[in-house]
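Just one chain follows, in the form predicted alone, and it is written as structure tokens.
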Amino acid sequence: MHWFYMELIRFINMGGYARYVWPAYGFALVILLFSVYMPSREHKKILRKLRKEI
């Protein structure tokens, strides 16, 4: 089991580039979540507007 933790630490460290890689992953995740959230918000807004008009 000890080798598993060593490999996990090596993966998380990303060969010394962790300070660049993990923030990039985080930024990409935020952008992806934003690109899903905003259209769904606009869709709900349009549906509410259409319901008021009918």
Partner chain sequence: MKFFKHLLSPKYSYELIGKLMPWLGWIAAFTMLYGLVDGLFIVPPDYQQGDGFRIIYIHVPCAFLSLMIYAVMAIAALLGLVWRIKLADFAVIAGAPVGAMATLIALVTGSLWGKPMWGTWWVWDARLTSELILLFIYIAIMGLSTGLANQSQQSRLRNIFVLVGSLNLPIIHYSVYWWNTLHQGSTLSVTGPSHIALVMLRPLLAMIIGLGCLFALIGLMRLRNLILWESRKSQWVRLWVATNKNNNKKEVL
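Keep in mind it's a predicted model, so treat the numbers as computed, not measured. Numbering follows the first chain given and starts at 1.
Omitted here: the form predicted together with the partner chain. The next part is about that form.
Novice: According to a 4.5 angstroms non-hydrogen atom cut-off, is Met1 in contact with the partner chain in the model of the complex?
Specialist: Residue-level check for Met1: no, no contact with the partner chain.
Novice: Using a 4.5 angstroms cut-off on non-hydrogen atoms, would Ile9 count as touching the partner chain in the model of the complex?
Specialist: Output for Ile9 is no: heavy atoms all beyond 4.5 Å of the partner chain.
Novice: Out of 23 to 45, which residues reach within 4.5 Å of the partner chain in the model of the complex, heavy atoms considered?
Specialist: Heavy-atom contacts within 4.5 Å come from Pro23, Ala24, Tyr25, Phe27, Ala28, Ile31, Leu32, Phe34, Ser35, Val36, Pro39, Ser40, Glu42, His43, Lys44.
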